[in-house]
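Just the one chain here, laid out as structure tokens, in the form predicted alone.
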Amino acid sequence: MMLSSPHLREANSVPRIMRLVCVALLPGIAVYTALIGPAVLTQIFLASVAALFFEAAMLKMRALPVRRFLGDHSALVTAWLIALTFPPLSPWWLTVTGVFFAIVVAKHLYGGLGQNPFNPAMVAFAVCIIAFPALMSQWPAQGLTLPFEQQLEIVFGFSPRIDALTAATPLDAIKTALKTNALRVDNIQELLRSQNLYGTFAGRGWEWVTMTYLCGGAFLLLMGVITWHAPFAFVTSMAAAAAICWLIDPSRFSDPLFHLFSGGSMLGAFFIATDPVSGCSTPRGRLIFGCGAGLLAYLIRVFGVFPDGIAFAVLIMNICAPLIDHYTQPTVFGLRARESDT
């Protein structure tokens, strides 16, 4: 029996949540653009236009109201995440291909928003890094400053891509050097620091981008858009795994701070592992989901063939999410735990 009115309703809605996610990404985008250049904004623009086009086309094919569903901004959030996880000097068609797989295949072919079992942005990243590994590994060399016109020429294919403009990320460089050379981690870090590729405790400049993603995640927590469970478990499990390996052999494994502030760790913890559709819905489930994603990301990053394993870690946990939710449902009010399970 319900109590008498008035009843309080939450202010959250899909458009509001998506707008707040975009706002939380803005500081990271600003620092990223200052570090790399306007190519970052170009990729965001390309991904956004492609996402809105594919979203509208699929809504038309499914006879759904285009204006209503475009207005929820979910396609834009997916587009921004794709643009931020792809190399900024990627050719335009690579970004569009990733958006196609995210919006058409991973989202609408499964029934649209709320029905997709996999995180669309991570599907885009996984497909493209498997199909085009060379292009997905070409990041701008640190400290490289190119005129906006030349960046546009590279992205749109009007000028040839020059290998000298690209370099491996510190995450990939350390991993490759450890496999091919008899060097210690600290020696490799000093070598990268001499090349202006390494900063205080992670990639030079990139550690500041990661900090802004952390601040954006804190903003989402304060606004009630996400809960603390998945980010906390993600960060804790990755840090714990890194600390254990580092304490066992510091010459072969990097310290926890390096892993937390390298690659897409904070972006994955606060903006990807917290996806309410493809993630878990129960508090305990979110803890398990975040813990599994952080641990798998570290294992793939260190022992796998890919430089960063966040996309594959999240997708693996997406597969496990329904089972995790099934076994972590809270006890039904008025019943004991065993009675609730039957």
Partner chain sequence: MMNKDTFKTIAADGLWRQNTGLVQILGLCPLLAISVNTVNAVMLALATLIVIVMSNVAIALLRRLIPHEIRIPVFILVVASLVTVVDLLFNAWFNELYVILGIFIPLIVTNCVVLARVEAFASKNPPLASAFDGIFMGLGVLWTLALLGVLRELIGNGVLLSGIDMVMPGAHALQILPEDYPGFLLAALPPGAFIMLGCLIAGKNWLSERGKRKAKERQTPPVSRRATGESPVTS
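Computed from a predicted structure; not experimentally measured. Positions refer to the first chain, counted from 1.
Just so you know, the form predicted in complex with the partner chain exists too; it's not on screen, but the next bit is about it.
In the predicted bound form, the partner chain lies farther than 4.5 Å from every heavy atom of residue 271.
Remark: residue 93 counts among the residues lining the partner chain in the predicted bound form, judged by a heavy atom distance of 4.5 Å or less. When contacts are judged by a 4.5 Å heavy atom cut-off, residue 101 counts as touching the partner chain in the predicted bound form. Among residues of the shown chain, residue 131 is one whose heavy atoms approach the partner chain to within 4.5 Å in the predicted bound form. Of the listed positions (127, 223, 211, 152), a single one reaches within 4.5 angstroms of the partner chain by any non-hydrogen atom in the predicted bound form, namely 127.
Comparing 93-101, 80-88, 261-269, 242-250 against the partner chain in the predicted bound form, the single stretch with non-hydrogen atoms within 4.5 angstroms of it is 93-101. Residues of 265-296 include none with a non-hydrogen atom no more than 4.5 angstroms from the partner chain in the predicted bound form.
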